[in-house]
Every structure is written in structure tokens, then in C-alpha cells.
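Before any questions on how it binds or moves, here is one chain, the form predicted alone, in C-alpha cells.
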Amino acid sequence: MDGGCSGDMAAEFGDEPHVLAVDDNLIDRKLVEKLLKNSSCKVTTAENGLRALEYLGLASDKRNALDGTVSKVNLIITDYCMPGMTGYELLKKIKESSVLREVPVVIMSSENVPTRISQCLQEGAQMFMLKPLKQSDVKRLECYLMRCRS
């Protein structure tokens, strides 16, 4: 760990913060996973929005996931452009959930489209990041995550 918030962040959680990373592109998913793990985060990956909802206990066959089956994550980072369900649609489903609406969601995209960015932020995304992500982007996430949890 090289300065930044990473040491404090791990201490803040008493363990590694748990991040769910969602991206249909394997290379992008692996990159995000590596950057987060370099910053002492526990990472779970999902290749699309439906898999993410299943992991979170929000799949359509479990509409009322209030029975403790909801997976505990501290942050969700998702690609915007994915087949089947966009990151924006995933964001809306998470924010509609009484159990998960407080979990910060970060949207990432390789396309810098101002209307898309503002739409995501208005719907409740904490941040919009341009891909490819860099370690400095993850440092921004760490500091934000710490502030949210303190």
C-alpha cells in the first residue's frame, strides 16, 4: 500500500472493503479487479447486470430479498454499456431496492457522453469514470468509500 487512503480504508472496515465489479468485457473486468485488489479490496466480479442482480439477491425470482440472502458489498462498480442490461438499468434496480439503495454505485464507460453521465448521476450514481481505469481512479474510489462509511 502506497499512501492514499488504502491503509485507513482497510482499518475502517476492520477487513477489506468488498467491491462488486460488473463488466461484460473480460479484459476490462480483470483490470478493474487487479486495480481494486492492489488497493486492498475484496473483489467479486460479474459478467453482466443479471449476474450482478443474482449475486446481490435481487434476481427477478427473488423480488423480496429481505430474508438475509442479500450479499454484503460496500461498493458496486459497473460498466455502462453491456448486453441485456445496461449499467444504468442495473443502477436503477439497485436504487429501487430498500436493502441496497445506500450502497454506492460507480458507473464506468469508454464513451464520454455528457447526457449519459448526468442521467446516471441523477439516478443516484456516486461517480462516473472513464475507461480504462487507472490506479489513480481507484484511489479516488477508496477515499470516497471511506467518507461514505465514516
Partner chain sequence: MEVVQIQRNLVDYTKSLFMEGFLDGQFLQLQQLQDESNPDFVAEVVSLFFDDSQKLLNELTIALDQPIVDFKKVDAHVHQLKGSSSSIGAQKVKNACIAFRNFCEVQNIEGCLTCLQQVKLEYYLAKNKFETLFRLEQQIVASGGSIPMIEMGF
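Predicted, not measured: the structure shown is a model, and the values here were computed from it. Residue numbers count along the first chain shown, from 1.
There is another form of this protein, the form predicted together with its partner chain, and it is not shown here; the text below is about that form.
Every residue of the trio D24, I27 and Q135 has some heavy atom no more than 4.5 Å from its partner chain in the predicted bound form. Just one listed stretch, out of 92-100, 121-129, 50-58, 28-36, contacts its partner chain in the predicted bound form at the 4.5 Å heavy atom level, and that stretch is 28-36. Contact between I117 and its partner chain in the predicted bound form is not found at the 4.5 Å heavy atom cutoff. Within this chain, M85 is remote from the site of its partner chain in the predicted bound form, having no heavy atom within 4.5 Å.
The partner is not shown here, but in the predicted bound form the stretch 80-118 reaches within 4.5 angstroms of its partner chain through a heavy atom at C81, S110, E111.
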